[in-house]
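The chain below stands alone and is given as structure tokens, in the form predicted on its own.
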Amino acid sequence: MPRYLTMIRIDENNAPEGGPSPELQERMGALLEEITRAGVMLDTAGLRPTAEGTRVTWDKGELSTTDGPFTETKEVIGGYSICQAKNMAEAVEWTKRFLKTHEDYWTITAEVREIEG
């Protein structure tokens, strides 16, 4: 069965202060439990802020590192999931349900891509 990586993109500068509300966490937890029981979810997690991250770049034979925050980037990966679904349509449907757990004031984008191999 194909596996899909869903990357949740957020704008750290416009994310709600204090993070997800308790109500959002409850709705999200219920959906993640449903996805797991359905045998679809393989792994998921939120990511720490970019201020705590480091980028490692290979450019023309040279390695360099840049510590966060990455202020030149408007959107960053704030979380991810790896699921197995019968096709892209099913993976996108689960992703839509995940995004709908958020309140209207959130602006997030999810990118769903099939994992090769």
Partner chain sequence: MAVSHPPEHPRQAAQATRQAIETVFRMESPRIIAGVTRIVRDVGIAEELAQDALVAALEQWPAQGVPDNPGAWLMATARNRAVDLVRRRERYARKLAEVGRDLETAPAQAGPLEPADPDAIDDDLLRLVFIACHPVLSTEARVALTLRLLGGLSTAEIARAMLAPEPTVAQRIVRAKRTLAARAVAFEVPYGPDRDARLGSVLEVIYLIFNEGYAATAGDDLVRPALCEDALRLARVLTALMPEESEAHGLAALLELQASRTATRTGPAGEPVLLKDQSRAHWNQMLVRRGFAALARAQATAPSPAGALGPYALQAAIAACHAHAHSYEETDWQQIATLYGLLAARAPSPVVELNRAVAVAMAQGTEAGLVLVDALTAEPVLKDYHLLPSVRGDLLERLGRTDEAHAEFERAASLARNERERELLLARAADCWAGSGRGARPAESASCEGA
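Because the structure is a prediction, the values reported are computed rather than measured. Residue numbers count along the first chain shown, from 1.
Beyond what is shown, the protein has a form predicted together with the partner chain; the following relates to that form.
- Of the listed positions (L47, L32, A51, L42), a single one reaches within 4.5 angstroms of the partner chain by any non-hydrogen atom in the predicted bound form, namely L42.
- Contact check for R3: a non-hydrogen atom falls within 4.5 Å of the partner chain in the predicted bound form.
- In the predicted bound form, the partner chain lies within 4.5 Å of some heavy atom of A89.
- Residue contact with the partner chain in the predicted bound form: W94 places a heavy atom within 4.5 Å of it.
- The shortest heavy atom separation between Q84 and the partner chain in the predicted bound form is within 4.5 Å.
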